[in-house]
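Take a look at this single chain in structure tokens; it is the form predicted on its own.
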């Protein structure tokens, strides 16, 4: 399980993930955002990697209809344990959606964003979408409004979005080549008729790019989501990344295809495989020089609630929120207090030393001159902030991934996973999550956690990944050095044993 695309000779330990020397290996760090842009993304958990640790979002399911068909989508399936775009448990009217937002905003003062992401397409249901936004502007004006769309109807609604002060828009754009697009979209509904094949893809792509350009011209921040589909658009997505950068997109989010037969999607039923974590990482690496990339996406449900990775939607059913007494004014005041506290803590963190570069030669015994240099290894760390090994395997919602060699260690990314211990016993949720986590860590040789339970420990070992719980509450850099040395010693012992038996 060797990492690819790493520059071992220049790697240094970066404990916070700010990537002082590189964004991803081999690419120069992008300039800092202007203050005007930073202020607009500072508390948006989808547009800011740091914000998603502090701020919550809610998606309200008011848009049932969709104007295109995607081979990876089936909105009929719903399991409370399933995190997948298009999935909802309850469809809401605009009034119900606003009441749900107010209830969530009272219970979760970190709430900062309200989005409409389906279960169909927000702009294929313009009356419901814009009525929801209008009511929210009246009753919760401090919350940011956000919309996700496939982009087919986007150009005609740009002015309306700007008028409702919707500054954050996500467009799902999987191809700019109609031949590739025709393999992803069987049809679109355009000007009162169904259009199929290459012509459908041509119309959709034209509308998506036009909508992107118009949004940027109106000052909106646009995130583009692209689904990585092996053998279909994997080689094409770097071209997509360049095209959206040229048109002013703010962020590119390359997501792995979810294609499981039980979901009933065309790709799932036809056996289209999902990409591996290695393939996803390699593609993001190829696109990193062209575009600012998002790496903390959770591919949320269309009725998701709470912090990314900890969906609390089941707590806020229609039946329950109808019984609640809600004081919107008091709740807005509590949100203001919560934001002030969060920003004070973030300011303290920024003022503290944030990057520690540690050459591993200072921590490891150097090999003899004639000995071959140990290989670069990729390790995963369960950590709250990248400083200490301080999270239990069962509580992790993202791993910090490092590439480490004898010269040093380089932070690669924060890799999101489904939380293993969620208290849900139905649908084999724990086993499914563990299987997905093992797939996500397939390119890693070891996992460092504060604690690891018996079941995941055995599963990691069976997958050829070393589980390590011996470095709880230790600094990440020294824990990485120790496990790296352990892996090298084990490899040397195995080589010596093989030589003796030869």
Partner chain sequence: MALRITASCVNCWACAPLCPSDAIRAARPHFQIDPGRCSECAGDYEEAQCASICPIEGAILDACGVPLNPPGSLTGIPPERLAAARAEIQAR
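Just so you know, these numbers come straight off a predicted model, no measurement behind them. Numbering follows the first chain given and starts at 1.
Quick note: we don't show the form predicted in complex with its partner chain, though the next part is all about it.
Chemist: Does each of 386, 467 and 469 have at least one heavy atom within 4.5 Å of its partner chain in the predicted bound form?
Modeler: Not a single residue of the candidate spot has a heavy atom within 4.5 Å of its partner chain in the predicted bound form.
Chemist: In the predicted bound form, which of 226-234, 330-338, 265-273, 249-257 comes within 4.5 Å of its partner chain (heavy atoms)?
Modeler: Contact criterion met by 265-273 only.
Chemist: Counting only non-hydrogen atoms and a 4.5 angstroms cut-off, does residue 442 reach its partner chain in the predicted bound form?
Modeler: Flag for residue 442 set to no.
Chemist: Test of understanding: in the predicted bound form, would residue 261 fall inside 4.5 Å of its partner chain by heavy atoms?
Modeler: Output for residue 261 is yes: heavy atoms within 4.5 Å of its partner chain.
Chemist: Taking any heavy atom pair closer than or equal to 4.5 Å as contact, tell me whether residue 186 reaches its partner chain in the predicted bound form.
Modeler: Taking the distances in the predicted bound form, the answer for residue 186 is yes, it comes within 4.5 Å of its partner chain.
Chemist: Given that its partner chain is not shown alongside this chain, does residue 453 nevertheless sit within 4.5 Å of it in the predicted bound form, heavy atom to heavy atom?
Modeler: Result no; residue 453 lies far from its partner chain in the predicted bound form.
Chemist: Among 182, 113, 91, 102, which has at least one heavy atom within 4.5 Å of its partner chain in the predicted bound form?
Modeler: Contact check passes for 91.
Chemist: Looking at 144, 415, 128, 286 here, can you tell me which has any non-hydrogen atom within 4.5 angstroms of its partner chain in the predicted bound form?
Modeler: Checked against the cut-off, the match is 128.
Chemist: Using a 4.5 Å heavy atom cutoff, which residues in 191-225 contact its partner chain in the predicted bound form? It's fine if the answer is none.
Modeler: Sequence-ordered list: 192, 193, 194, 196.
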